[in-house]
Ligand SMILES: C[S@@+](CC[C@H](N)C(=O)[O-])C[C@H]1O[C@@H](n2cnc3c(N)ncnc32)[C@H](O)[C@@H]1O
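Let's start with one chain on its own, the form predicted on its own, as structure tokens.
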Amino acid sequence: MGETSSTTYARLHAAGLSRKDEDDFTLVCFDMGASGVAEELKFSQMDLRYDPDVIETPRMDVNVFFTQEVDFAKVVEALKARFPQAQFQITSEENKDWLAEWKKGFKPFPFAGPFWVIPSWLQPPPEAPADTSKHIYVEPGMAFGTGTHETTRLAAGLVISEVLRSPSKSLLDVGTGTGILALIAYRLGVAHLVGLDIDPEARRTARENLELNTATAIEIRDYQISDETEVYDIVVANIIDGVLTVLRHDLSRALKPGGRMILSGVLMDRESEFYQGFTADTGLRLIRKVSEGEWSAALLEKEV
């Protein structure tokens, strides 16, 4: 392989590097012009715990990135001499604006109920509702919840049906992402809306989306559910089931007696175990479940 250019970067893959050589290998790579070094971590998650376990092995695979022109033949020769137990492979890849590439395939689409999701950089298509209050404009940024994932659609459907069933005064959206679920509740007339997310980038994206949709009355708070002191008529949490399990007592504490909770992000192959464990000690009872693909969502009620 030759030299890099301003539109490409090179990735050197080192397989089978001894873990005891990690520090030396990193220093040598940076001395030879590398821009970054990253281990390919191996994970295991066998149950519903929040965090997966990182599997550490005596040997490791590492990616080394070069954005400047270097003589790769000499780089590989030097690394082979210094670390003979490892195998090396170099590939060249084009630099891209990956968000811009993703945007090319993101089109307006019917989301849940009467609502359509409209990318902020596009106009509503003719088939979208004439009622602009049913248009949800989204600038995704790096946050989860643009409406394309089954878990978000399931949660949105339950939010719509629950708010229409019994108009509610307050809703808490935990793991708000782009803010799309809170925004739907706002459009349906819920007066007091709060979104929480542990990711600062998600909070920034949510605030931008709410401003884009002239819904800045929705408050995005900078703390976690464990610090929430208010109680709400509806609590929504569209988060992977392992995290929901960890947060179940905090979620229940934020719900008023007689209030409704909407959970989404539960894998179908473990939904029975999940819902049984979630309701066992939280004072919640399961009312109904819905599913799409490999995902399950549910509506629960807190005892009075």
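Position 1 is the first residue in the sequence shown; the rest follow in order. The term rigid core refers to the most C-alpha atoms you can superpose between the two forms while keeping them within 1.5 Å. All of these numbers come straight from a predicted model, not from anything done at the bench.
Separately, the form predicted together with the ligand exists; it is not shown, and the next lines address it.
- Of the stretches 176-184, 159-167, 80-88, 114-122, only 176-184 has residues with a heavy atom within 4.5 Å of the ligand in the model of the complex.
- The partner is absent here, but in the model of the complex a heavy atom of Val243, alone among Val37, Leu267, Val28, Val243, sits within 4.5 Å of the ligand.
- The single contact residue among Ile198, Leu188, Val76, Ala215, judged by any heavy atom lying within 4.5 Å of the ligand in the model of the complex, is Ile198.
- Remark: Thr152 counts among the residues lining the ligand in the model of the complex, judged by a heavy atom distance of 4.5 Å or less.
- At a distance threshold of 4.5 angstroms between non-hydrogen atoms, Ala202 is in contact with the ligand in the model of the complex.
- When contacts are judged by a 4.5 Å heavy atom cut-off, Met60 does not count as touching the ligand in the model of the complex.
- A residue is said to contact a partner when one of its heavy atoms sits within 4.5 Å of a partner heavy atom; Leu247 meets this definition for the ligand in the model of the complex.
- Residues from 203-239 that approach the ligand in the model of the complex with a non-hydrogen atom closer than or equal to 4.5 Å are Gln224, Asn238, Ile239, in the order they occur in the chain.
- Superposition on the rigid core between this form and the one not shown places the CA atom of Glu294 less than 2 Å from its counterpart.
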